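Here you get one chain, nothing else, as structure tokens; it is the form predicted alone.
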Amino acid sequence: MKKIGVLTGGGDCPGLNAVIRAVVKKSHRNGWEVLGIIDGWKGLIEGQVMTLTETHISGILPKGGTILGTSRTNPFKDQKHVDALLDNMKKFKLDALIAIGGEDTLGVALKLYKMGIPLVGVPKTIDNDISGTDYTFGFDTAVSIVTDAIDRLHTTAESHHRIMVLEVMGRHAGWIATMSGIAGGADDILIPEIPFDLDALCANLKARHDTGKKFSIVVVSEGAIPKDTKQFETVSQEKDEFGHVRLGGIGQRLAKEIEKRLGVETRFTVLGHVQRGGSPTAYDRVLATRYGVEAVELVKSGQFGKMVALRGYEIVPVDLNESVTKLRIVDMKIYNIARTFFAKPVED
């Protein structure tokens, strides 16, 4: 009987429990035992595991977060941690690992695979920025939450004749801002892929107001940067184990500058972790379930060093190396659709 481990790493994400449920169900159908690793790579370093039974996965499909817990732990920060991880693989007699995570978690998975660990990856991030797959689960939920927020901001913006700036997640890729901005009818969208010009933004908003529109909605990714400084707005310069600083504050900065330049009352809203919490959408539940089932199939067929991915409508295996060597940034064809609905600056 095979014994496989499953872990969730990095930020929590709607749909994680759906993957765990699918991995356990499919594995049990094969007569395998599944060990849930607590708190991501941290749990495998410390030897914190639990045998997952049908009772553990009962009712978790619609629940957000992860029943296994998660952490932003990088074993390769310390060779002792790598050694402990490898020792625990042997101690618990794990035949294979299924790692569910984003760029950082899958980056660790790739390194471990190259060291001989039989491993399969499952792509997870609300940012939808993992290469090799068309969609990551959690993204659809995040876009739905942000779209709902834009709808709500519209009503108060109209009532008070304000400009509303909505800051959303997206460190290096502006997928959430772009897709929710299109769905919510945003009047401007700022993303990390295109350093923004504050003068051009204000000209766009002024052109809209000059047509008689007394309110505007601006959606901005937390990782969007201005052309003049090309620096992120940060909450803290303290870095996590993967070298990331905490972003945040671009929405507040923009609101202050817009009001100063245009003389129009401008407010900002930061959705923050609301975007990654709560129950997953039906789309994300189905996608996550398909990923979990296919991950077990890859283990069964010995296709290690792979990640399950959505290509068109099919779930296919792709090399883990493809998922971590570069980010999947916003397709400019899609972003240009959003631009169709921006007011043209007066000088244009």
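Residue numbers run from 1 along the displayed sequence. What you see is a predicted model, and the numbers here were worked out from it, not measured in a lab.
Just so you know, the form predicted in complex with 6-O-phosphono-beta-D-fructofuranose exists too; it's not on screen, but the next bit is about it.
Participant: With a 4.5 Å heavy atom cut-off, would you call residue 125 a contact of 6-O-phosphono-beta-D-fructofuranose in the predicted bound form?
Facilitator: Contact with 6-O-phosphono-beta-D-fructofuranose, yes.
Participant: Contact with 6-O-phosphono-beta-D-fructofuranose in the predicted bound form for residue 101, defined as at least one heavy atom pair within 4.5 Å: yes or no?
Facilitator: No, residue 101 is distant from the partner.
Participant: Is residue 253 near 6-O-phosphono-beta-D-fructofuranose? Define near as a heavy atom within 4.5 Å, in the predicted bound form.
Facilitator: Output for residue 253 is no: heavy atoms all beyond 4.5 Å of 6-O-phosphono-beta-D-fructofuranose.
Participant: Wondering, does residue 171 line up within 4.5 Å of 6-O-phosphono-beta-D-fructofuranose in the predicted bound form on heavy atoms?
Facilitator: Because a heavy atom of residue 171 falls inside 4.5 Å of 6-O-phosphono-beta-D-fructofuranose in the predicted bound form, the answer is yes.
Participant: In the predicted bound form, which of the listed residues (206, 261, 267, 72) lies with a heavy atom within 4.5 Å of 6-O-phosphono-beta-D-fructofuranose?
Facilitator: Of 206, 261, 267, 72, the residue with a heavy atom within 4.5 Å of 6-O-phosphono-beta-D-fructofuranose in the predicted bound form is 72.
Participant: State the residue from 273, 80, 227, 214 whose non-hydrogen atoms include one within 4.5 Å of 6-O-phosphono-beta-D-fructofuranose in the predicted bound form.
Facilitator: If I apply the 4.5 Å criterion carefully, the residue I get is 273.
Participant: Please determine, with the chain shown alone, which of 162-170, 109-117, 80-88, 195-203 has non-hydrogen atoms within 4.5 Å of 6-O-phosphono-beta-D-fructofuranose in the predicted bound form.
Facilitator: Result of the contact check: 162-170.
Participant: Would you mind checking 205-226 for residues with a heavy atom within 4.5 Å of 6-O-phosphono-beta-D-fructofuranose in the predicted bound form?
Facilitator: Read in sequence order, the lone residue that approaches 6-O-phosphono-beta-D-fructofuranose (within 4.5 Å, in the predicted bound form) is 222.
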